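One chain is shown next in structure tokens, namely the form predicted on its own.
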């Protein structure tokens, strides 16, 4: 049997490229037009990092291979620009950054793009879980080689933190409050002394951080009580709260842009029209607040209906329409895929959804065809 030839590494497709790869043209354009001096080890100046994250009004004209081309700098994070400024200032200081907010508010998304723009690498990541150990924060050993040769620098397995310290880069610590306190406190000496001690090595037993090293951590506000940070560790972080998007226009823009990117990645030839996006964003915003725009109130579900959940519903609706529908994404596709997002943590939320459909959606269906389609499909899906 003939063997299938493996594609060359450079030609292999990946499910999701890191931000520094996906947006390399924008980062290169900003670096070429950067008029300020970046801090030590930073790829871009703080002003250019901000422009990368929030986008620019006009494309940047840069020279590539001797030709002048316009490179649009797209907005990556939809939110308060001042919030992003504070995050950048924190990372340029001695203090670490902790992004706190409800699940799905874009904390990881923001931390990835900050790391990509500042250090050119967003993949030095520690995923916080109940099983995260101190070795994953500091270093580990190749046990087989240590038994044969003893502890040597070549046998040490550096953690993302140690790699970031050696290069003056940023390390991302996701869901830090999911880790047990003893593991969290391993960061105290790292953030205070900016080094990691390796007592097993007789010589060169200290790894010192280069200028530019820092940590971006994220924590869900719902998980704050799981393993709350110690007072010592809190003092070493600057907290920035990422709020849930409350503006209808902004939420529609986020869902539209992120859904378009995901549909291109999955090669789904579908498009979400404005009426569909408006209904989706309206349902999420109203159910999140427990009140409609005209003042009608109803119980709120226990599930966090974040913008990320809305993007998931939009993507599922588009895939469903592609393979099991006409190909065009309609309001009915949104309604069918909405139930799973709302009734996720508590079956009692099913009654909340039913009440919303009866009190709000049914009333609107008499005057609006889109809401009529939504109401009928949602009732049928329950």
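Residue numbers count along the first chain shown, from 1. Nothing here was measured: the structure is a model prediction, and the numbers come from that model.
The protein also exists as the form predicted together with a small molecule; that form is not presented, and the subsequent description refers to it.
The closest non-hydrogen atom of residue 301 lies beyond 4.5 Å of the small molecule in the predicted bound form. In the predicted bound form, no heavy atom of residue 263 sits within 4.5 Å of the small molecule. Residue 286 falls outside the set of residues with a heavy atom inside 4.5 Å of the small molecule in the predicted bound form.
Using a 4.5 angstroms limit between non-hydrogen atoms, residue 108 touches the small molecule in the predicted bound form.
Out of the listed residues 161, 122, 282, 220, 220 is the one that sits within 4.5 Å of the small molecule in the predicted bound form by at least one heavy atom.
Of the candidates 272, 311, 196, 88, 311 is the one whose heavy atoms come within 4.5 Å of the small molecule in the predicted bound form; the others do not. If you check the small molecule in the predicted bound form, you find a heavy atom from every one of 77, 102 and 307 within 4.5 Å.
Exactly one of the stretches 227-235, 287-295, 69-77, 124-132 approaches the small molecule in the predicted bound form with heavy atoms within 4.5 Å, and it is 69-77.
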